[in-house]
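As a starting point, one isolated chain is supplied in structure tokens, in the form predicted alone.
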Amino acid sequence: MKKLLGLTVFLALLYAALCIARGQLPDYAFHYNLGRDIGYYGIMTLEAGILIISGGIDLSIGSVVGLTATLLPMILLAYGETNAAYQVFAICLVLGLGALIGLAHGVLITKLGLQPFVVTLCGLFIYRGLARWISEEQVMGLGNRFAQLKGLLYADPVGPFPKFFVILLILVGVFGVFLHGTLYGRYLFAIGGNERAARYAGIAVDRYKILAYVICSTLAAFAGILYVMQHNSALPSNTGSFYELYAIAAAVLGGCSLRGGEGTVPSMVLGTAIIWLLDRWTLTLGIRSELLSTVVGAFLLAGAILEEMLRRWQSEPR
């Protein structure tokens, strides 16, 4: 609760500093675009955060986004322009591919005992290479077709809110209840906190770790679908590049410990909001957009140093 309150206060201060730097309150277009970015990247933060809570890590999120964003236009353009059922089938097929990737990761990590870092790092190269090979290095796009599908998943706002932000709120509700309101979600916290103790307690550790990887890769595939809906095309060589780093950074900034067993769904959303407010803040101050990663890294490092100092202070005998 203290971390959540601290993140909320910091976000409010950052927004106030942004308003002062601009000399006025941001307009509706600013908030709409900010909400769209928070919604889109917040989905990936959720998937990374859930996995981190269970003690895992996934470095292939961006490559899964790139692979699925490349495949979806190829599948849709085959038969789906006027066939709504086929469009649903294509989306389910892409989501199924994401789930299959997560299942493969989970099985390799739990049954063969491979390190998550190694498995997902290899996946990063494999899925990016597959996307480039399948597409023959060509841009895959939808052109001016599938307007109804684009409107459903991206273009049409829900009242004053961008569609991506509404989708994020739905996912926050679903996974918030799952993580914090169900026994199965508490199992993930227990596994991330102390896997050996969780095994002794009778928790099916392997099953729930696999579930966490399936959730992560399925949401990454969903992010690939949304990418195509927004940008209308995908470039296999760089679509989704570094997305996993921003997702992990936002989750950690939101209070998820890389040791596992810590984190909340609302704090993940706040972490995402802070990163993209920092993006607007740097642009307002005239800092080049290429330095966003430098600014985010500096804030993360400062936060890690502060957290470690507080932990040591609290552990000292009074």
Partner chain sequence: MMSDTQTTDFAKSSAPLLQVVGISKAFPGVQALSNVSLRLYPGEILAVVGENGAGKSTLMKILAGVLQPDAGQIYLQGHPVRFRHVEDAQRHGIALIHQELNLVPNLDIAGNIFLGREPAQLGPIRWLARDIYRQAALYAQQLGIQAPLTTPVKNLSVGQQQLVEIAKALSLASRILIMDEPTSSLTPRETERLFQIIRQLSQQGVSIIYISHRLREVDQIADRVSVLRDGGNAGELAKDQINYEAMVRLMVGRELKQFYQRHFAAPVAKEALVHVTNLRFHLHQQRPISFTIYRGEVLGVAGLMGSGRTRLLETIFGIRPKISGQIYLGQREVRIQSPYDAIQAGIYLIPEDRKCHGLILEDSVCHNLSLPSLRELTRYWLIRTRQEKILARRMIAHLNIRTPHLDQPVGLLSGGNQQKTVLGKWLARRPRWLLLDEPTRGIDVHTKSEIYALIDNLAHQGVAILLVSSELEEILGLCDRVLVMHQGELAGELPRPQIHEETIMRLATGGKISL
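Just so it is clear, the structure is predicted and the values come from calculations on it, not from any experiment. Numbering follows the first chain given and starts at 1.
The next section is about a form of this same protein that is not shown, the form predicted together with its partner chain.
Using a 4.5 angstroms heavy atom cutoff to its partner chain in the predicted complex, all of Gly181, Arg196 and Tyr208 count as contacting. Remark: of stretches 183-191, 231-239, 135-143, 148-156, the one touching its partner chain in the predicted complex is 183-191 (heavy atom within 4.5 Å). Using a 4.5 angstroms limit between non-hydrogen atoms, Ile91 is distant from its partner chain in the predicted complex. Although the partner is absent here, Ala201 is a contact residue: one of its heavy atoms lies within 4.5 angstroms of its partner chain in the predicted complex. Contact annotation for Val177: at least one heavy atom lies within 4.5 Å of its partner chain in the predicted complex.
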